[in-house]
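Only one chain comes next, encoded as structure tokens, the form predicted on its own.
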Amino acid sequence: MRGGVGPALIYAMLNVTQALQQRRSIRAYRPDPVPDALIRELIELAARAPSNCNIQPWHIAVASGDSVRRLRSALQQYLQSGAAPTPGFAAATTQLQAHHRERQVDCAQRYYQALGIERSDRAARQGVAQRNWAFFDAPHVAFISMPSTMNQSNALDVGMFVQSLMLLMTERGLGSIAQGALAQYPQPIFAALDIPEGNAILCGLSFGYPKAQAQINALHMPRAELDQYCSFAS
């Protein structure tokens, strides 16, 4: 058993299998900040992720404290201005078809049901969507970017880095949620944070200590059966 990662928080170290089984997208957080030394440790560990020719294309910009509050306010103002999204890379959910589209719809239905929102309630759904740019009240948010000249194979490397970081956070009793939505309005983010010139944002990652009593944090999305996405040859 280890402690010292949060107020009165003691956790058992998980193995990789347990961390994969327990990780989920957290959408409600306690205000307690995560110690800076722990954040740095987890990011350094996550950077052990593999990358093509060891180029390590990822960059992560972490905001905490007043920086989070200022950025949250700036993004809310940007949204209210009616500005159009200008992501550096194409959104991941465009032109989904067949079972991929069905899974997307199922995910939304489960999400709104957990919040007690009817799918026909457009105003409520828009309010929920805007919670992305409030970082779900997490005390920390990170923005993951890579050079805009890179492509999908490099994004795969960055994805392995992000997954490694999320699993490490799960291991240490933290919650997180990877958010493609946080790449849609990059202007306020580049103005607020130190991100290398020429980089484009792939996603954001809100994180902190989960709010245990929040019903939304009990939501666990199902996974497809193995035979639906895996084939074997002998």
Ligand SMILES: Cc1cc2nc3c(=O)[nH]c(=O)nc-3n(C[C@H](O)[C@H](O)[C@H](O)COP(=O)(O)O)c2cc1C
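Everything quoted here is computed from the prediction, not taken from an experiment. Residue indices: 1-based, along the sequence shown.
Another form, the form predicted in complex with the named molecule, is not on view; read the next lines as being about it.
- Only one of 43-51, 192-200, 61-69, 170-178 places residue heavy atoms within 4.5 angstroms of the named molecule in the model of the complex, namely 170-178.
- Contact annotation: Met221 falls within 4.5 Å of the named molecule in the model of the complex, judged by heavy atom distances.
- The named molecule is not shown here, and in the model of the complex it never comes within 4.5 Å of any heavy atom of Lys211.
- With a 4.5 Å cutoff on heavy atoms, Cys107 counts as touching the named molecule in the model of the complex.
- In the model of the complex, the named molecule lies within 4.5 Å of some heavy atom of Phe136.
- Annotation for 15-53: interface residues with the named molecule in the model of the complex are Arg23, Arg24, Ser25, Arg27 [heavy atom within 4.5 Å].
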